[in-house]
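This document opens with one chain alone, in C-alpha cells, the form predicted on its own.
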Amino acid sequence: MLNTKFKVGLLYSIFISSASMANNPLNFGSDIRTADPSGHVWQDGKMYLYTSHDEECQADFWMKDWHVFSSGNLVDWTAHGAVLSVDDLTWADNYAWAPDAAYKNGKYYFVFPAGTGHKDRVNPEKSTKWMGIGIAESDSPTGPFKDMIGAPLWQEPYANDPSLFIDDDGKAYLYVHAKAHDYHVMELADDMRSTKGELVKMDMGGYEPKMEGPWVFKRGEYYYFTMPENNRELSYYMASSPKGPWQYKGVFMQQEHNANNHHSIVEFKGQWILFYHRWIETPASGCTLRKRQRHSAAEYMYFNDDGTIQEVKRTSQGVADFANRVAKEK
C-alpha cells in the first residue's frame, strides 16, 4: 500500500509533468492573440513563425499588424514584435490578414494581404471592402520589413491569404485565395517586386470546393497543395509539379467549432510540424464580441510510405516534447 504522503507526492509529480507538457496553444510569453501561423526555418536553424494579430475585441477581423516569433525547440519562443503594420502602407489601412515569408537573393521577403473599405454583412451590395497582396523585404528574418514598391502586386482580382513557395530551381510561385480566382498560381519576377505574367488556373482534377488559405510545400518528389476546405477542415492535393495537375487526397484535420482554420507545414530538425490556429474560450477585458478567440498551435505530422498524409488530431500537448524527441533520434 502506498502511504498518504507518497501518494500526494506522486499525484503532484503527475500534475506538474502534465502541466509542463501542455503546450497547445503555443506560449509566446504574453497574452497576444495570434492566428494564421506561417512557419519557416532559415539559415540560423531556428523556426520562425509569422502570424496575424487579433486585437482585443476587434470588429469583424479589423487587424492592423503582423508579428514574428522564433524558437529553437518549439516551446521557448522569442517575440520580436510587429514586423510590419498597415500604418506603414500607403495603399491600405486595414485587414492585416494571413501572411507568408520567403528567402531569396540574400533577402527575406514578407508577403501579406491588406485592404481598405468596409464589408457590409447586412447589405452586401453596399460593401466597399477591397483587399490586395503586398510584398515587403528586409535583411533580417525579424524585420522590420519595408514595402519597396509602395503598392499591391496587382489591383484586380480582390485577393488575400498568399502562400509564397520557392522551388529548388529558385523560381517563386504565389498562390492566393482570390475572387473568382481560387486554385490559381502566379510566378514572381526574379527581383521579387513584380509579377511574371497573370494568374494561371491549375488543373485540380475536377474537384474544387470552397477554400481559403492555401499552403504549398515540397517533400521528396511530391508537391502538396493544402488548404482549409470549405474554410474549415484541412485537406490536400499532391502533384509532381508546383503548378499541378493536382490529385485530391482528402481531409487530414477535421474542423473545430465550425470555425475557420489557417495553417502551414514545415520540416524542422527531422520532424514535420503542422502550425494552425484554434478558437479557444478566452477571457477578454470587457469584450462581448466573441467568446472564443484565435491562438496559434502546433502538432506533429506523419506521412505514409506513398507520401500521403496521416490524419492529425488536435492535442493539448502539441509539440511540447520536441527537444526530447529530437535528442533521442540523434
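From 1 onward, residues are counted along the sequence shown. Worth saying up front: this structure is predicted, and the values here are computed from it rather than measured.
Below: the form predicted together with a small molecule, not depicted.
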| query | finding |
| --- | --- |
| Complete contact of His40, Met47 and Lys269 with the small molecule in the predicted bound form (any heavy atom, 4.5 Å) | no |
| Contacting member of Glu137, Glu233, Glu212, Asp93, with respect to the small molecule in the predicted bound form [4.5 Å, heavy atom] | Glu212 |
| Partner-contacting position among Trp97, Tyr183, Tyr108, Tyr237 - heavy atom within 4.5 Å of the small molecule in the predicted bound form | Trp97 |
| Heavy atom of Met63 within 4.5 Å of the small molecule in the predicted bound form | yes |
| is_contact(Ser52, the small molecule) in the predicted bound form, heavy atom dist at most 4.5 Å | yes |
| 4.5 angstroms heavy atom contact with the small molecule in the predicted bound form for Thr116 | no |
| Close approach of His262 to the small molecule in the predicted bound form, 4.5 Å, heavy atom | yes |
| Candidate stretches 81-89, 67-75, 154-162, 190-198 - the one whose heavy atoms come within 4.5 Å of the small molecule in the predicted bound form | 154-162 |
